[in-house]
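Quick heads-up: it's one chain on its own, the form predicted alone, in structure tokens.
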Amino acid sequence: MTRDLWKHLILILGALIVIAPFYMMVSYSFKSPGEIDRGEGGFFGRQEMMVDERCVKLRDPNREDVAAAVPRFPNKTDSQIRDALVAEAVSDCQMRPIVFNYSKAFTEAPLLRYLLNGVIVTASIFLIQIVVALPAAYALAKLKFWGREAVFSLVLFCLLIPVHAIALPLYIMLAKIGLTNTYAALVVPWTISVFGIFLMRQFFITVPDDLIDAARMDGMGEFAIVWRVMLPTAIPALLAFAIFSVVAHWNDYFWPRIVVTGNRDLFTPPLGLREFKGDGDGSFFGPMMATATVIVTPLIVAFLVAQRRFIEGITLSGMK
């Protein structure tokens, strides 16, 4: 009983440590700059009307604005007209903190474009990884050929190589062939996933050989077996791999920051967060957290929907 209690306490503590950053992210996306700076307002903030100082500055009246407003304010001096225009700007630029943060997330930067780029890049990478990983995993799991164990050992060795170690050679190669600042630079280096090959190979080992032998007796070739027999059985493992692959490349900041240097139209969601950096007064921490919330939400929803199959795929891939 005591051992189970300690296990649950440790699990609860670990869950709180994991959830805490998400709690702060969502909470800050609801709060005004002042509440963020002072650390007050609870989870949702007080949602009192606030003034968007940048909006007011953009509407700061100049001489032409004052001259154009003279008919609206008869018998007023230029100073009084200017004060009236500033008051109008302040009134028009008032909004709730949640509206301010999420509206800025979509208007200060083309967030929808960045989300679309993230979908294009992650989907392209995952689909090509599957095209490569399934036949390779099938060969390593079910075909007998000279050097098979050596090839599998090489796959395991490649799992130990960090991406940062090969980033510079990859960048130089892409730069020499003129592929930087393109979708190809974001996709091509990650189309072969040794982790995907390993995961699918471990799953294919659990598939009975009788099923493959029956397919061969029906006249299927090896590639037909891969796509018509092995692929349908591997859906749980594919969903598990999809979670790993999509999360890794959706959240990747390091590689896009290197190969996308001058074209904002190619920014992925993490690069979009850079649009809100550099404000020492913290006035854009709220929009930054709102942007982060929008970026993370699709991943959380996808994981919750596929949670059962994800766990099933990981469990089956670890069986032999």
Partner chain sequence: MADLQIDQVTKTFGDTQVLKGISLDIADGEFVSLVGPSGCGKSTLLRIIAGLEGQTSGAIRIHGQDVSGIRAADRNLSMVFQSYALYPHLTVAENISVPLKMRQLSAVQRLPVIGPFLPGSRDKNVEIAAAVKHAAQTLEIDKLLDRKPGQLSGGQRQRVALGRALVREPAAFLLDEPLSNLDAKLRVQTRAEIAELHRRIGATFVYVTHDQVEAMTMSSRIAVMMDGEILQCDAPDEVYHNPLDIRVAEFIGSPKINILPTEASGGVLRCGDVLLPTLAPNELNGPVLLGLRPEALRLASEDAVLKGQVAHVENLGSEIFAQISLVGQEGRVTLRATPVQRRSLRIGANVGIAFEGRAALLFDSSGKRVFNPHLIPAHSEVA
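Positions refer to the first chain, counted from 1. These figures come from a predicted structure and were not determined experimentally.
The form predicted in complex with its partner chain exists for this protein as well; it is not shown, and the discussion that follows is about that form.
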Inset, instruction - Indicate whether Leu211 is a 4.5 Å heavy atom neighbour of its partner chain in the predicted bound form. - result: yes
Inset, instruction - Using the partner position in the predicted bound form, report whether Ala224 sits within 4.5 Å of its partner chain, counting heavy atoms only. - result: yes
Legend entry - Residue contact check: Arg216 to its partner chain in the predicted bound form, 4.5 Å heavy atom: yes
Legend entry - Touches its partner chain in the predicted bound form: Val187 (any heavy atom, 4.5 Å): no
Inset, instruction - Using heavy atoms only and a 4.5 Å cut-off, determine which of Ser103, Thr233, Thr206, Gln94 is in contact with its partner chain in the predicted bound form. - result: Thr233
Inset, instruction - Have a look at Val229, Leu174, Ala123, Ile243 for me and say which one sits with a heavy atom within 4.5 Å of its partner chain in the predicted bound form. - result: Val229
Inset, instruction - Considering its partner chain in the predicted bound form, find the one stretch among 197 to 205, 157 to 165, 216 to 224, 175 to 183 with heavy atoms no farther than 4.5 Å from it. - result: 216 to 224
Legend entry - Stretch 12 to 28 - residues with a heavy atom within 4.5 Å of its partner chain in the predicted bound form: none
